[in-house]
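The chain below stands alone and is given in C-alpha cells; this is the form predicted on its own.
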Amino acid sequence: MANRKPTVAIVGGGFSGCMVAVHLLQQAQQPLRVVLIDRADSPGRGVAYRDQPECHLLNVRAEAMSAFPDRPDHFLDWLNNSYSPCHPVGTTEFLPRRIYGFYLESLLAAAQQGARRGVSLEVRNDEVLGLRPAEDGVSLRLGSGGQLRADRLVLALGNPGPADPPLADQKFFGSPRYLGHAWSTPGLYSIQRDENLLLIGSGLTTLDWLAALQTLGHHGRIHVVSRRGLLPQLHRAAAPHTLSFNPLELPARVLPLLRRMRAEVAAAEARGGDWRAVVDALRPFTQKLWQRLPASEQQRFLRHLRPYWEIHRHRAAPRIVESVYELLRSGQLQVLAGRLQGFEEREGEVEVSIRPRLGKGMQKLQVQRVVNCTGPESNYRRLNHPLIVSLRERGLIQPDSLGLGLQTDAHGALLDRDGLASERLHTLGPARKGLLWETTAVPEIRIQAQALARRLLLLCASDEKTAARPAQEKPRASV
C-alpha cells in the first residue's frame, strides 16, 4: 500500500454512487483513487434521471433537492446561475427528472476538477460480476473480462427492478407483449397509441406512465390494477406543522402511533391546516421510530399500513395527478383493486384474469400490452444480480429478515452471514431500508453519502498507518 494510492470502488452511478464519489473527491486530503463503475455511460444520472421524457417530474419541490445536506439552496443556485439563468426557477416547482441528471453530472465533473493533487476519479463503463477477498482488499471480476483490486467497495445499486407477479405459470413473462420494467424509455415509446394496456401497480411509476401516455397522445383503454387500487396523493403547499407530541415517547407499537397521528391530523385540519404538513412533521422521527419497533410490529406495519403510508408519504407533483384525473374523467383509465390470476396470450391480444378485492368471481380484460409498474424487488434473497449472487454465495452479505434490503451496521458496513460487520464492504440508500425504512429519497441518501465518504477516508488513512508499521505489528485484515 505504501507504493500505491488507496482505491475505493463504487458500484453504481446513480445518485447514491455519484454523491459518495463527489464527497470523496472533495474531502480527500491524501492521494486517493476513486473508481466509479456503472453499465451506463452517463455516471451520476442513474435510471431515475437518464433519458426520461419531459413530463416525468421529480416528486419533490426544487427547494428540497439539493445534493448537499449543509447547502440547502445548492440545487436552486445551480438552476438559476448555471442551467437556466435566463428563466429563473421558483422554489416550489417540480422539475423534469432529466434536469436533475444534468445537475449530478455537473457535480461529479466539478468535484473531479477541484480535487487535490493525487486524488483521481476513474469512470468505468462496465459491470461487476463477482467479488472475492484479496490480500488487504477485494478483487472485482468485471464484465469486460478484467479484474479490479480495491481497498474498499461501496454497493450503490439503487433500487432493483421490479419482480414479476407471483403467478404459478410464468410463461407469459417471456412474451414481447410484456414489459417487465417500466423504467424503460424505449419500452414506453414502443407503445402504439391505440393499444389497450394493463399497468400492474398503482404507485408513482404508474402515474409517470399515465402522464407520459397522455402526452404522447395515447387513446387506447388503460387499466391499472393493484391489490388495493390506491393512487398516490398530490403535493400541496402547506404551512409547516409542529407535532403536539413526541412520537418517541409513545409505546413501540404501530397502533398507538396511528391513532395519535389521526388525532393530530384531525386537530390540524380543524384549525385550517393540512394533513400533508402533519405527515412531513413525522419525517425527522421516522428512522428512530422504525428501529424502536420489534420485528412483529414492523411486519404488522408492512402487512396492513404500508400501502396507505406510501400514498400519503410519497406524493406526486400536481401536474402528474391532474393528468391522471383527466384520464379518469374521460373514462380512458380504469383503476382496479384485485389480484392478478393469470394471462392467456391469444392472437393480437392478452386476456388478463383478475380476482377483485371486493366481491366474487373473476374479471377478464383484453389488452395488447402489459407493463410491470410495481415497486422494486427489495428481497436480496431473490435478486439475480451477478454481484449479489456472488456475495450471497460467499456469505459476505446477509439479507434482512423483512425482505427489504441488506443487514448493515450503523455506518453502512455490510454484515456477513455470521453477523460481523465488514471492514471492506459498504452500502447506502435503498439497500438499508430494513434497518432505516426511510432511506430511498434524496434528503436521507445525501446525508448517508456524506457520512460514508468521511468514514471511508478514515479507514483508508488507518490502512496507511497500518502499512507503515513493522510487519510483526500489523493486524490481519478482513473482509
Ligand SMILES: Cc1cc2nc3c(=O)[nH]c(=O)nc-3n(C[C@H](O)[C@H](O)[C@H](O)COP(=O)(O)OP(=O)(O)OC[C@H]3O[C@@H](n4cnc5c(N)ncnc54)[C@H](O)[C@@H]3O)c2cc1C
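Position 1 is the first residue in the sequence shown; the rest follow in order. All of these numbers come straight from a predicted model, not from anything done at the bench.
Although it is not shown, the form predicted together with the named molecule is what the next lines describe.
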- Message: Check for me: heavy atom within 4.5 Å of the named molecule in the predicted complex, for each of Asn59, Trp183 and Thr440, yes or no.
- Response: yes
- Where, among 398-406, 291-299, 156-164, 69-77, do residues come within 4.5 Å of the named molecule in the predicted complex by heavy atom distance? 156-164
- Taking 4.5 angstroms as the cut-off for heavy atoms, does Arg152 touch the named molecule in the predicted complex? no
- Task: Answer for Leu387 alone: is it within 4.5 Å of the named molecule in the predicted complex, judged on heavy atom distances?
- Result: yes
- the named molecule contact in the predicted complex: Arg39, any heavy atom under 4.5 Å: yes
- Using heavy atoms and a 4.5 Å limit, would one call His411 a contact residue for the named molecule in the predicted complex? no
- Message: Quick check on this chain: which one of Val47, Cys55, Ala451, Ala421 has a heavy atom within 4.5 Å of the named molecule in the predicted complex?
- Response: Val47
- in the predicted complex, which of the listed residues (Glu345, Glu195, Asp136, Asp126) lies with a heavy atom within 4.5 Å of the named molecule? Asp126
- Query: in the predicted complex, which residues of 8-24 put a heavy atom within 4.5 Å of the named molecule?
  - Reply: Val11, Gly12, Gly13, Gly14, Phe15, Ser16, Gly17
